[in-house]
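Shown here is one chain on its own, the form predicted alone, set out as structure tokens.
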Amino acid sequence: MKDRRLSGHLLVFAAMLLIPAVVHDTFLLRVFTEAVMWIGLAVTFDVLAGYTGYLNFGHSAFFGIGAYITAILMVRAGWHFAPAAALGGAAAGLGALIAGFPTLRLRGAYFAIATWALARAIQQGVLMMDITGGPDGMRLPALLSPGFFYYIMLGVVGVTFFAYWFLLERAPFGLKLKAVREDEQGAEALGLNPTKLKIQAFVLSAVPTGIIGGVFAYWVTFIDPASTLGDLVSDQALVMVVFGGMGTLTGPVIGAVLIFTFKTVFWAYLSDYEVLYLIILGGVIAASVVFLPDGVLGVLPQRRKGVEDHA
């Protein structure tokens, strides 16, 4: 069953590789690139939220770290994009490692508040530093190649997805994380180290998020603390994961596609009503928790029959 799903994922990925060949409109290609980015952010968010049960409201911190490290290395040090983005991902992973030791000993709302405070602290630090451009942000060198950024974003997200597939669905690591999620004390009694496992999941979530942030920075050519370290990154990733189905890999992809499609249509026709968008976003997550506890993926026919889907 899982091998069949993997084949389906590979087929979808192969089809997505063909999009630049059939979509010649620059605007539409940018839309597809952003959609792929949100799929990646939702999937990485779900590693911690879905597989360990810890909601990381500081997900934007790792996105922002990757974006700013990439920008600083490219603009201030003259690095090429690829090593700069790779180091941005490594810096995000190091940040998760350092932050994980104190925060992952907390549970529930305490962890969520601690990670939110972490993102706010990093945002304030970036605002005060000259090397980051402070509140004025940073401008990166422009590369006018929409196809390049689509393929880079798709490559990063695709490699992340299939690496997660192996680690979380086929390797023992995923089962250990689920054991911690279901009963942390019971998992500890079985000889597992819950804190170590959660830190590993935290880092596993942060590294690709940082790389995606680096790709985003080079793609849009301008970043500031609000666009990379604001609450919207974490909030939308959370909504996408909850709406699609937590603790799976397919669920966040479905949620990201549906929520991003709604967002795109909303901003195309109702861009003057930003507050309304946030209200609707909050309503979606509230309704999902009440009426779709397993997300959209949970109401599919095979799920209703009780077939477990952790893809």
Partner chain sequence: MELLPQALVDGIMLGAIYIIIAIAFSLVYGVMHVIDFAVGEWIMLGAFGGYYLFQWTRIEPLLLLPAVFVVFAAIGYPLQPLIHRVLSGRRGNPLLMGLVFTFGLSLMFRGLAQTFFGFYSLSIPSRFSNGSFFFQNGGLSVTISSVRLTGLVYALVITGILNYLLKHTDFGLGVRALAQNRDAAGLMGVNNKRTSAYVYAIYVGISAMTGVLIGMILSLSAKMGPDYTTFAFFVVVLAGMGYLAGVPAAAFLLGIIQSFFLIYLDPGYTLLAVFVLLYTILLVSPRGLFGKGV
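Model, not experiment: these values are computed from the prediction. Residue numbers count along the first chain shown, from 1.
This protein has a second form, the form predicted together with its partner chain, left out of what is shown; the following refers to that one.
This chain lacks the partner; the member of Pro135, Gly186, Gly108, Gly78 within 4.5 angstroms of its partner chain in the predicted complex by a non-hydrogen atom is Gly108. Residue Ala99 is the only one of Val156, Leu168, Val207, Ala99 with a heavy atom lying within 4.5 Å of its partner chain in the predicted complex. Remark: of stretches 60 to 68, 258 to 266, 24 to 32, 276 to 284, the one touching its partner chain in the predicted complex is 276 to 284 (heavy atom within 4.5 Å).
Using a 4.5 angstroms limit between non-hydrogen atoms, Val43 is distant from its partner chain in the predicted complex. The closest non-hydrogen atom of Leu10 lies beyond 4.5 Å of its partner chain in the predicted complex. Although the partner is absent here, Gly247 is not a contact residue: none of its heavy atoms lies within 4.5 angstroms of its partner chain in the predicted complex. Using a 4.5 Å cutoff between non-hydrogen atoms, Val290 counts as a contact of its partner chain in the predicted complex. For the partner-free chain shown, Pro102, Thr103, Arg105, Leu106, Gly108, Ala109, Tyr110, Ala112, Ile113, Ala114, Trp116, Ala117, Leu118, Arg120, Ala121, Gln124, Gly125 of 102 to 127 come within 4.5 angstroms of its partner chain in the predicted complex, judged by any non-hydrogen atom.
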